[in-house]
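This document starts with one chain, in the form predicted alone, laid out as structure tokens.
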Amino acid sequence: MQDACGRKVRYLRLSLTPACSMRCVYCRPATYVGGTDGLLSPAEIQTLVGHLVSAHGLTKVRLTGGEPTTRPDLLDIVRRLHSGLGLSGLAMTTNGLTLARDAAALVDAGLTRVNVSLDSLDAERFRGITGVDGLRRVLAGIDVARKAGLSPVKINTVVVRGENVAELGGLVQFAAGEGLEIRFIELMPMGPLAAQWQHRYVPESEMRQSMRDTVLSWEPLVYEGGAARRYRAHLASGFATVGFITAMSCNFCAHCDRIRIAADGSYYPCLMDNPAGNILPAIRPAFDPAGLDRILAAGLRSKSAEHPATGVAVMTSLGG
């Protein structure tokens, strides 16, 4: 698969559910109630991904939500995707609340890597951002995930003015001490804070400035694809690998190799654009590979060279 700009699709971000055990200020609107009826079944997910691998060269899948660990059949999904499909990697993004409980079983099922959302190391601020008093559980989950063999374990931090800018240096020090990679993500003009975006957005340049007393120097690392530009941040006490995901100040659209499918089958060639259709008619009641290919190809033909100025999706239904 490739789009009208010649960008080849190798990466699927698959939302398993819009349900989530947190209500982060930038992600889930206060009035949002996502339905969990009619979600893709483990067998349907296996068929979908197997076709994309064998017919179109897909190499990577990331399971997202909402919160994927709220799916009671998550281990079955992971086993099916790990078993014989030919993926080079199977990853998951999680809020980490149940990771201490689930990490070992997920590794046994075939999960290879995990990204954990962590926007603050202060318990009160964490609760203010996420709506949950769960910082200790998330930190325990990160520790157990590393010991269980998930590698790499990466930290995702969405940077929001008025919430956590002053903590970025401390988060880098935490990542350095734990041997983790951390990625700072620019707030995008979509979701609950879209109307406040101009006042809440923090560009990469300001993020770096906020860490000037912590990071002595930035050493660029070789770009290996993906959304993040990565650096070795040299600290007085060591170093950390830091990525910046700068969709707004310096987008990575030219290197985009991904598509997104939401839990209800909605198909997004671009995170910030309108959905380009729904794949469910090609999945049930029986799998129609030619029909699926037509839906995917039509969406890729309409994909723009760069993302729109504002987004339309509710992030908790799509997983970022």
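Residue indices: 1-based, along the sequence shown. Computed from a predicted structure; not experimentally measured.
Same protein, other form: the form predicted in complex with a small molecule, not shown, and the subject of what follows.
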query: Heavy atom of residue 186 within 4.5 Å of the small molecule in the predicted bound form; finding: yes
query: Interface membership of residue 112, the small molecule in the predicted bound form, 4.5 Å heavy atom rule; finding: no
query: Exercise: residue 227 in contact with the small molecule in the predicted bound form, heavy atom 4.5 Å; finding: no
query: Contact label in the predicted bound form: residue 40 to the small molecule, heavy atom within 4.5 Å; finding: no
query: Candidate from 190, 121, 90, 85 lying within 4.5 Å of the small molecule in the predicted bound form - any heavy atom; finding: 190
query: All of 26, 64 and 315 with a heavy atom within 4.5 Å of the small molecule in the predicted bound form; finding: yes
query: Interface segment, criterion being heavy atoms within 4.5 Å of the small molecule in the predicted bound form, picked from 211 to 219, 233 to 241, 161 to 169, 93 to 101; finding: 93 to 101
